[in-house]
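Single chain ahead, by itself, as structure tokens, in the form predicted alone.
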Amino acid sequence: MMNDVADVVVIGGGMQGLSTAYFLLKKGRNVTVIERGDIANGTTSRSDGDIFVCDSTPGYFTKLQKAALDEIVALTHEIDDFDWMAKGCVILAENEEQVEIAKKQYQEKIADGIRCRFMDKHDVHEDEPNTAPDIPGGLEFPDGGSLNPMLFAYSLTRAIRQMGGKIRCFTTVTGIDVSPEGVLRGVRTDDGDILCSTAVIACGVWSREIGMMAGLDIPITPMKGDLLVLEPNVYITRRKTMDIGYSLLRHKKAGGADEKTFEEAHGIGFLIEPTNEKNALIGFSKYPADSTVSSLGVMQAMARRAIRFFPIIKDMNVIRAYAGVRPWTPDHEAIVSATDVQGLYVNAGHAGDGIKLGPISGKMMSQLICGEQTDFDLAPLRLDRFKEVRV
């Protein structure tokens, strides 16, 4: 057992925790990261690494995601290579009704300053001849790309250690020490206590149980997502492509009593992500579950959905499947916030945008802790917004 002292303890060694530690160290703070497993052992390691501004609600959240993309591009010049591929993406409309939705989304994105092109049927098939012949239109977003989440996490880890930060893996938090006056005094672990005046809960789907140690209600629940990995050295499309249901499902509660079909209950949609390894990832699903074991029924449903948009996939082999659990909040947006415990903060609940929003959230958390003006007003991301909903 050992005792230690830090300016800030960051609980969680995934994207949010590592990003928070990185930016705090840049501001000269003494930081210790606590991770109960290995680095990026949770949702970070089971992500697809997409960094696009195509599925956010208009206004604040679209502008936040644009800033998130810019922050990641900036990091390509600051830390080790993390396999960044700038290639843009396409969203496909499956029918004429969805074409009208695409036109509306096009206007919203243009109004928010996002580069976007509306594509008619001719444009879609000229752009990618492998697209199913009856797809009537879509949207093109020329900015954005993808990265390798594990490489990104380990690049941040090396940078943190180079700046003098401590990372204690395979260390479990067993308690949060709060004074009778509601002031943070330290973090207890199975390897000793760490005295600190500031701590950040950045544990993704596990943030709720850590918050309970300090008497906090952090309303984060697990929402599962599955991915298929196709065989290498086959060409389907040159960049990420998804159906318009991706953005519609992101802001819809999955697994509700009104959803009758298997596909509806499991939030089945389509996306394909070519990788630098010369293969492709196929998704997506979205349903309440805390298991990361892949479901055969879900895998089959995703494959059928993928073939609908790119029939060429029916002749290809799936070589692997994996799943992760997204940290989901009631309004589907993140928590980047102070709490009722003085000195205790939360940076979690980023749903399917954890990799993309990690650096911008970590940067703003460092600004909040250091008493600086944050890049964005954090009111929409405050923890206490959920108290207001429940009143």
Partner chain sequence: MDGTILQNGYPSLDELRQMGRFPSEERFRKGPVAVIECIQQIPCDPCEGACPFGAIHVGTPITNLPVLDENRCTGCGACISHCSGLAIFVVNKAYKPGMATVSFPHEYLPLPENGQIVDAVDRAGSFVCKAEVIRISNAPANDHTPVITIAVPLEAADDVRGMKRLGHEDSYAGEAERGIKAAEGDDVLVCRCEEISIGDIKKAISEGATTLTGVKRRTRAGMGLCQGRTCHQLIERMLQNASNVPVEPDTVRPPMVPVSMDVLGRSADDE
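Numbering follows the first chain given and starts at 1. Values in this document were obtained by computation on a predicted structure and should not be read as measured data.
There is another form of the same protein, the form predicted in complex with the partner chain; it is not shown, and what comes next is about it.
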item: In the model of the complex, the residue from Asp340, Asp70, Asp331, Asp38 that sits within 4.5 Å of the partner chain by heavy atoms; value: Asp38
item: Heavy atom within 4.5 Å of the partner chain in the model of the complex - residue from Cys116, Val178, Leu230, Ala159; value: Leu230
item: Exercise: Tyr322 in contact with the partner chain in the model of the complex, heavy atom 4.5 Å; value: yes
item: Contact of Lys314 with the partner chain in the model of the complex (heavy atom, 4.5 Å); value: yes
item: Any non-hydrogen atom of Arg238 within 4.5 angstroms of the partner chain in the model of the complex; value: no
item: Gly192: touches the partner chain in the model of the complex, heavy atom cutoff 4.5 angstroms; value: no
item: Complete contact of Ile34, Phe141 and Trp206 with the partner chain in the model of the complex (any heavy atom, 4.5 Å); value: no
item: Residue stretch of 101-109, 150-158, 178-186, 70-78 approaching the partner chain in the model of the complex, non-hydrogen atom distance within 4.5 Å; value: 150-158
